[in-house]
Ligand code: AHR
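Here we start with a single chain on its own, the form predicted on its own, put down as structure tokens.
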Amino acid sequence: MARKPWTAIVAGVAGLLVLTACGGGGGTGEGGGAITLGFAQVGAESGWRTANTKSIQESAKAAGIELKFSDAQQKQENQITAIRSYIQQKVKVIAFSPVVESGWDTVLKEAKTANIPVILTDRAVDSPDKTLYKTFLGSDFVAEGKKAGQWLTKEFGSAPGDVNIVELQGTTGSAPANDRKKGFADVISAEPKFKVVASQTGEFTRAKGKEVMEAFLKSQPKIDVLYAHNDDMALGAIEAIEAAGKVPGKDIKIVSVDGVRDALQALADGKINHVVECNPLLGPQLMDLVKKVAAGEQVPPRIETAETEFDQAAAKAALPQRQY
């Protein structure tokens, strides 16, 4: 099927790009036309996020759903503006991946008042009012952190002396950063020799991961392990480790979360030691949910994606077919 052109719409703040994917029917989402979905994305901070966006856009086209897409550029105020724009446009369903967990109640109440159902994707919100959204689709970030911690305890279980760990956290206040930190800490806290000697946000980006790792290497005389909340930060950190004359994967063991192609290649090459998967290809499941909530059907309050882990052998096996 030929792809129809995208139409750019400026939605309330400078630099907030809203893209409209042309589907069949009218753009209001009302009556008998196509279902209109307003999706407010976090940004394009990582390879994972790029793959997530592509999955959503392609799946909307395949499902015949008219997509209005906005890139919040990592700013909550941009997402709120986009959601309010979707409410004004009377879309049929709103979905978004929240930049941070807190501060959504007001705009979600506005959507509820307008009778527009909301779906959370990838990241959750901390609102006590669960009626403000229909469902959450995504990963169990606490479980991902626990998997990283469990790998660490097995890898260093018989190692003598303290094991010094540095942690590259995700965006401050975001659900994956909060939960991956908690899950990891819950596991390693049972063993006193595992010590997190430095922990700082790398903002889920490769550039910031490199910058923070450079600072860790200068401030910490002994680093045994790097735990990165996502692969892009780990890949940036590898650059810093190599520039410091150390061998990533040997001098400093690395465990990260996501499973993007570049990280699996680094794992295959021995520069990363373990990767916990977080699947970005949520588009098909999201479109199925959009159709159900648009039709007034009941959906489960939480839907988690199936995910795995990779050691070096698994990474080599997965690389030829990896989609992202």
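Every value quoted in this text rests on a predicted model; they were computed, and no experiment measured them. Start at 1 and count along the sequence shown; that's the residue number.
One more form of this protein exists, namely the form predicted together with alpha-L-arabinofuranose; it is left out here, but the text below deals with it.
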Non-hydrogen atom contact Pro176 with alpha-L-arabinofuranose in the predicted complex at 4.5 angstroms = yes
Within a 4.5 Å heavy atom cut-off, is Asp122 in contact with alpha-L-arabinofuranose in the predicted complex?
-> yes
Classify His274 as contacting or not contacting alpha-L-arabinofuranose in the predicted complex by the rule of any non-hydrogen atom within 4.5 angstroms, answering yes or no.
-> no
Looking at the partner-bound form in the predicted complex, is Phe141 within 4.5 Å of alpha-L-arabinofuranose by any heavy atom?
-> yes
Testing 38-46, 284-292, 262-270, 59-67 against alpha-L-arabinofuranose in the predicted complex with a 4.5 Å heavy atom criterion leaves exactly one stretch, namely 38-46
Tell me whether Phe204, Asn230 and Asp258, taken together, all sit within 4.5 Å of alpha-L-arabinofuranose in the predicted complex, counting heavy atoms only.
-> yes
